[in-house]
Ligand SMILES: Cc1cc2nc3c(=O)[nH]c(=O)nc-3n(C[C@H](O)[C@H](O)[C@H](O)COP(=O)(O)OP(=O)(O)OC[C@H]3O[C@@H](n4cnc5c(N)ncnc54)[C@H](O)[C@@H]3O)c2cc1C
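Here's a solo chain for you in structure tokens, the form predicted alone.
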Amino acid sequence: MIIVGGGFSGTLVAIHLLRQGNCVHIDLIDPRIPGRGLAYSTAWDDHLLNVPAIRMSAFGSEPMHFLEWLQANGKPDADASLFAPRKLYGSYLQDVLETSIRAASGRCTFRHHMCEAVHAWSDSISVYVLLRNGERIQAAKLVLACGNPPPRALASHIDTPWAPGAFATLDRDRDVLLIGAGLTAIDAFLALQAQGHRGKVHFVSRRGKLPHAHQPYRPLPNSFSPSGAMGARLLLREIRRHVREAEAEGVDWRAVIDSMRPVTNDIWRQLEPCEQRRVLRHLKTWWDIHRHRMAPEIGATIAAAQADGRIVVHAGRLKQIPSDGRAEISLRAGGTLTLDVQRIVNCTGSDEDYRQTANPLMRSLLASGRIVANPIGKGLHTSEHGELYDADGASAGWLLTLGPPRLGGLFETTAVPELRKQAEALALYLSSVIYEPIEIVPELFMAAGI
């Protein structure tokens, strides 16, 4: 088995394959240490998970797994509602992988290739992956677990927050401009603050809205249930109606949004493609700021920075890419704002159109027709099991994926609770044992107000 990508998704597929009790040989390809990926490679303690510990177990059937690991590894007082540092979660995934490798020793092999995959093909018997160093790996199946794509490039001199040196050689008292106002921009601000930056940090996005913060709430007894056929406009009305009814009973709107989680992908599949496109175009930004929330501690930090003027949020767009530090913003309300900034950082979030990807393996597979974009233009075209369709509409049984590439077929496909279910299901599917993974929801969810 070849797995390309060693972030959460790829690491968890490997862990499940190792834990199944079968004889399996795994080649995992990633230039980074497995388990870390981009999300959990951060060096900053202020970068917290945006999901509480009780919902971050690597295993849906063992909801206490991560919390118990925290309590045994330096955080004995950790409770269900803790929003742990992301780099600590990376250590957890590494530990689970290493433990699984040791437990499977003698019947399984695991090899990590710290390199980049650039090409893949099949001869109908075996799969072959070519690495940048010239090595060729052979196996029966290939899993693409490449994680979130990077933002679409704005200009050669504008880095993402994760680029080496993105915040190096900064004058701490000069302003910085962040393009985007989502969780990536929040991470960028926290990294700047951790380095002692004192100037203003300007956020600019189309709507000028920051993510909301988590707060405890009383959960609803049942999952969200829309009435009748759904379109983008009707779905929005239904959500607003449920929120009004909840608020009339003293229940926070977060309870309504989270009650949609078990049924979000079911609702998505019922929408016509034209309505799915409308949701992505008009509603996804609003969904993201309500659904993908900040940890309470981070929310308080951001609110304080806004109050004292260190964060300034603008609704608008960058008119052109400046090279002299003078950035002109077309404001949504009208007019133009000129900012004198020392650096612009691209925090626009993942570019979900894989036809624009810079990933060499993805580009090679797209160019050869072995994979194609989802018909709505987001993500890749996959089966319900994550098998990728080729240009002829055939399911490539040797090539599978999970996570962000499944956007389009799914709507929610980036958070840990969804990814762990996909990883377990994919590992079972690869072993020809298909069933719905068990998810146990402990009473602690309610006790933590989650």
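Numbering starts at 1 and follows the sequence shown. Remember, predicted model here, so these are calculated numbers, not experimental data.
The following text describes the form predicted together with the ligand, which does not appear among the structures shown.
Undergrad: Tell me which of 61 to 69, 392 to 400, 378 to 386, 26 to 34 has residues with heavy atoms within 4.5 angstroms of the ligand in the model of the complex?
TA: After filtering at 4.5 Å, what remains is 26 to 34.
Undergrad: Is Asn50 close enough to the ligand in the model of the complex to count, meaning some heavy atom within 4.5 Å?
TA: Answer yes; at least one heavy atom of Asn50 falls within 4.5 Å of the ligand in the model of the complex.
Undergrad: Although the ligand is absent from this view, report whether Pro404 comes within 4.5 Å of it in the model of the complex, heavy atoms only.
TA: Although the ligand is absent here, Pro404 would touch it in the model of the complex, with heavy atoms inside 4.5 Å.
Undergrad: Indicate whether the ligand has at least one heavy atom within 4.5 Å of a heavy atom of Arg310 in the model of the complex.
TA: Outside the cut-off, so no.
Undergrad: Is Ser57 near the ligand? Define near as a heavy atom within 4.5 Å, in the model of the complex.
TA: Ser57 lies outside the contact set for the ligand.
Undergrad: Please state whether all three residues Ala191, Pro322 and Gln342 have a non-hydrogen atom within 4.5 angstroms of the ligand in the model of the complex.
TA: No: none of Ala191, Pro322 and Gln342 comes within 4.5 Å of the ligand in the model of the complex.
Undergrad: Just give me the single entry in Glu135, Glu272, Glu116, Glu247 that has a non-hydrogen atom within 4.5 angstroms of the ligand in the model of the complex.
TA: By the 4.5 Å heavy-atom cutoff, the listed residue in contact is Glu116.
Undergrad: Using heavy atoms only and a 4.5 Å cut-off, determine which of Glu352, Asp175, Asp258, Asp187 is in contact with the ligand in the model of the complex.
TA: Going through each option in turn, the one that passes is Asp187.
Undergrad: Scan 1 to 20 and write down, in order along the chain, each residue with a heavy atom lying within 4.5 Å of the ligand in the model of the complex.
TA: If the 4.5 Å heavy-atom criterion is applied to the ligand in the model of the complex, 1 to 20 yields Val4, Gly5, Gly6, Gly7, Phe8, Ser9, Gly10.
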